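Just the one chain here, the form predicted alone, laid out as structure tokens.
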Amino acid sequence: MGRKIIDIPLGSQHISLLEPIKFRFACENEKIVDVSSDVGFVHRGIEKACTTKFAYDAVPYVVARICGLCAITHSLAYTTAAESLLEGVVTRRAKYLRMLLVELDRIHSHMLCLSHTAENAGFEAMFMRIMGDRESVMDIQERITGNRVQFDYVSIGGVNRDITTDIEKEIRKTLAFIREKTHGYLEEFTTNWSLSLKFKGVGVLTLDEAYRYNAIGPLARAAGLATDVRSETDYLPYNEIGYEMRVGEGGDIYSRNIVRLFEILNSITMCENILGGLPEGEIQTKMKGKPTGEALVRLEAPRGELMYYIRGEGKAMLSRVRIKTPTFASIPAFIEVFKGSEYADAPAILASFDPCMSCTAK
């Protein structure tokens, strides 16, 4: 009697995947034996618009609309690339303020992922708790930038707003609150069977597979692959503010949860160090000329390496903008993790990936 293979789709409309991507699982009984994916549901034409509709100095605000969660990293990656083609140097104060927003963004993004992980494990109350605590981070982002989601904070030459003493006090108070809450999450994620312990050995990406499929971000670090753009580039002075790379070893759902929890704690420490050592000076430098030449910039977004390539020919409008997002680059690794897993574990595995299809469908 031959094998009976059943094809089961997951997405783009599914309780655990309301995103413009579809996975198709070939299942033998309850085990996933093969996987295919389709990411071609949405194309917004943002790259084309950045070379035909908007001048180069307006592009930071356009690319910030690629994704609500990663808005600050998109605008920063582009402005860093553009600044490398223009005359002028960004002040240290502006760089520190940029790092502050990037790490606050990492905190609330990781909290969102952990809340969805809890929800897919059946812990609706834990989902609501983490999402409720996450609001305090969103509030201080709004106090700094004026917006809760689309910040429009980074501009070519620096940032658009400085912080006051009152805002600094509010940030410190919120960071202390989130640190206390994160230690509580860490205890629950490391001791509760139904929430996290039962996912040890589930959805494993081995170190060899992480290398082979070019995994990035927390997905790679949880597998033991020490890769983080923050330790590899000098666009931002992360070596001055207490950055530490957290590397796991299990490569499973549990390890991905723990890596993100420790990254939240490290981001809190970095934000406090930024505030404690914030340099004096201006927040904006006047940049001269128009972009001429080409530039490539890599930054560490919450989900991994974000890459921007731009080319200018001395005109107000760029001739090329190309964006490689973390989730798109991670899909080959996603597919490999699903293989050999139980179909019932697919929602939990998917949540642990923390996919951002808004970035991918640019």
Partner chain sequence: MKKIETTLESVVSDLTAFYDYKVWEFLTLNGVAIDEGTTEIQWIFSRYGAIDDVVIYYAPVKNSETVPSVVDLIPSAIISQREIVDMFGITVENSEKGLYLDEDSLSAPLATCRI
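Positions refer to the first chain, counted from 1. Quick caveat, the model's predicted, so the values are computed rather than measured.
Below, we turn to the form predicted together with the partner chain, even though it does not appear here.
Taking the partner from elsewhere, R311 is found to have a heavy atom lying within 4.5 Å of the partner chain in the predicted bound form. Shown alone here, E232 lies within 4.5 Å of the partner chain in the predicted bound form, counting heavy atoms only.
Interface membership of V33, defined by any non-hydrogen atom within 4.5 Å of the partner chain in the predicted bound form, is ruled out. Heavy atoms of N214 reach within 4.5 Å of the partner chain in the predicted bound form, making it an interface residue. Within 4.5 Å of the partner chain in the predicted bound form, a heavy atom is found for none of R24, M99 and V247. Screening 252-260, 76-84, 206-214, 269-277 for residues having heavy atoms within 4.5 Å of the partner chain in the predicted bound form returns a single hit, 206-214. In the predicted bound form, the residues of 26-55 lying within 4.5 Å of the partner chain by at least one heavy atom are, in order, D38, V39, G40, H43, E47, K48, T51.
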